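As a starting point, one isolated chain is supplied in structure tokens, in the form predicted on its own.
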Amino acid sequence: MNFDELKQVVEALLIATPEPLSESRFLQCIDTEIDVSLENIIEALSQDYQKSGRAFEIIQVAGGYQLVTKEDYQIYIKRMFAKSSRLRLSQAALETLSIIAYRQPVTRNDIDAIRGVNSDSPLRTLLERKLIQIRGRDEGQGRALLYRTTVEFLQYFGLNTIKEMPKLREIEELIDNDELSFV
């Protein structure tokens, strides 16, 4: 398969897949040995899109690549759907999710202790929406379930890895300088 054919295959896969396309998934799909990486193909496609002034681009997210509409055109997409398809989370769910994201893996008891209230309902919501998952049991007494974030969490927040999250001290500095406002 030549390079132009590989670009077309990658483009078709990016259009068809609802989740980010990883190198390993790409290699499974083409079922033939190639001497070029997915990253090189993505780079060439991105340059093609940029040169031709396309309304979409390829981003790296959650350990793979995804085809997305450029920010300049998002208002038109929102108008088309009229009602936002964005996932809505309650304050309790957001609190719980942030604790899990920053402390993972973490038990429900630890989450409850930080929040000061029972977190059963927010945990259930986050599990249903696949933003968190159970990733084993604690070694301590009672062997409590351990919670972690998922690939869907990374996708939802536009992160490639959990390491891209802002550091807690950065958030504290923004709050101290009144640069962060809450709606």
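Note that residue numbering begins at 1 and tracks the sequence as displayed. Quick caveat, the model's predicted, so the values are computed rather than measured. Rigid core (definition): largest C-alpha set, two forms, superposition within 1.5 Å.
Separately, the form predicted in complex with a further copy of the same chain exists; it is not shown, and the next lines address it.
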### 4.5 Å heavy atom contact, residue 35 to a further copy of the same chain in the predicted bound form
no
### Message
How about residue 19 - does it come within 4.5 Å of a further copy of the same chain in the predicted bound form, if we only consider non-hydrogen atoms?
### Response
yes
### Query
Could you tell me if residue 41 has a non-hydrogen atom within 4.5 Å of a further copy of the same chain in the predicted bound form?
no
### Query
Can you name the residues of 136-161 that have a heavy atom within 4.5 Å of a further copy of the same chain in the predicted bound form?
136, 137, 143, 145, 147, 151, 152, 155
### Query
Superposing on the rigid core, is the CA of residue 31 displaced by 2 Å or more between the shown form and the other one?
no
### Message
Is residue 114 displaced by at least 2 Å at its C-alpha between the shown form and the other one when the rigid core is overlaid?
### Response
no
#### Entry: Large Cα move at residue 125 between the shown form and the other one, threshold 2 Å, rigid core
yes
